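First, one chain by itself in structure tokens, the form predicted alone.
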Amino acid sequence: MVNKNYGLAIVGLGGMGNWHREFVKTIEGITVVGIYDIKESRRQFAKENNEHVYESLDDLLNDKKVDIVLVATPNDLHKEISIKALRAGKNVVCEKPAMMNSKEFEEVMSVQKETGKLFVVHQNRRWDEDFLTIKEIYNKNTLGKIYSIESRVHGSRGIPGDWRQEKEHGGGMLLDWGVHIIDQLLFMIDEKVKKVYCKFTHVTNELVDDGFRIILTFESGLTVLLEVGTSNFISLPRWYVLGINGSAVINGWDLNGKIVRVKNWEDKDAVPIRAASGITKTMAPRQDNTIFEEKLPIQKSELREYYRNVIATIEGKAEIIVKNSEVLRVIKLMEACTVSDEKETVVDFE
């Protein structure tokens, strides 16, 4: 039970801003009290949906009904609006990527400390069920020691035709999707990252990256491949995980996949197979009696937990789930990726 009904005002009623507008209506204890957007078309849309429209950002920040400001503008505006909202005595939920670089984020963290208000980033994909299923496999040691993880997001439509194509507004796939899949891996794996290698792609856009491949090496020797592509007309699995006792795969958003674990390493009955122009025993398929095939341990999630946690943290009843120290680490790793691509080399990280 929350202590009061919290008023949420939305700055930037684009795709994600409108998603929040609709989503919070399903959460007890929080109400949208208005929006502000510089585009007349979005202001008109809000009015048609019976939302209060503020005439300016200052009007929004001066409204005592506003307890929380949601910042859902293009990325380059996050810092200025977040700082202004914090200094106006508002709590802030900021869309990702939080800032254009780590220096900006550290400035906002300093203002948060100065004001004592909550600043939290909307890293919503920590609640993705495909990720939570892989995290369950990792945490439960289902495959034995895991030595390789591949996480991919593939599409074939290029970059959306908006500010995401423009470098000055924080465009590109590293900031758009990389911030999510990097956050997932760093949240799951409690180890230092020792090495970073990154290569951007520019198939459809020369100004910003329209995809990337990142290889992370953790202190235990675990390697992780993170890949985003926007010109992939045949998608590879969303997740592919290798452990010393088995493998797991999730093919897509629908959680179609499986686990295969070894029952017996000795396979004396392996029969060589014909492979292209020769034969191979090494790559021959395993006999059924040497492996287990299992269903994925599907994990269900409740995304409303994000806002419930925000409210509970404001009321001093909980610790925030998406910590700013974690967000800062993700931003710094993305900066290391940019350096790696520019210098075409492996970069030391932590």
Ligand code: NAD
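So that there is no doubt, residue numbering starts at 1 and follows the sequence shown. The structure displayed is predicted, hence computed values, not measured ones.
The next section is about a form of this same protein that is not shown, the form predicted together with this ligand.
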Here the chain appears without its partner; judged in the predicted bound form, the stretch of 234-242, 258-266, 175-183, 218-226 with heavy atoms within 4.5 Å of this ligand is 175-183
Is there a heavy atom of Pro74 no more than 4.5 Å from a heavy atom of this ligand in the predicted bound form?
yes
* With the cut-off set at 4.5 Å between non-hydrogen atoms, does Pro97 touch this ligand in the predicted bound form? -> yes
Is there any non-hydrogen atom of Phe200 lying within 4.5 Å of this ligand in the predicted bound form? no
- request: Find out whether any non-hydrogen atom of Ile38 is located within 4.5 angstroms of this ligand in the predicted bound form, and reply yes or no.
  value: yes
Exactly one of Trp163, Trp127, Tyr138, Phe187 comes within 4.5 Å of this ligand in the predicted bound form through a heavy atom, and that residue is Trp163
Of Val327, Leu13, Cys337, Ala9, the only residue with a heavy atom within 4.5 Å of this ligand in the predicted bound form is Leu13
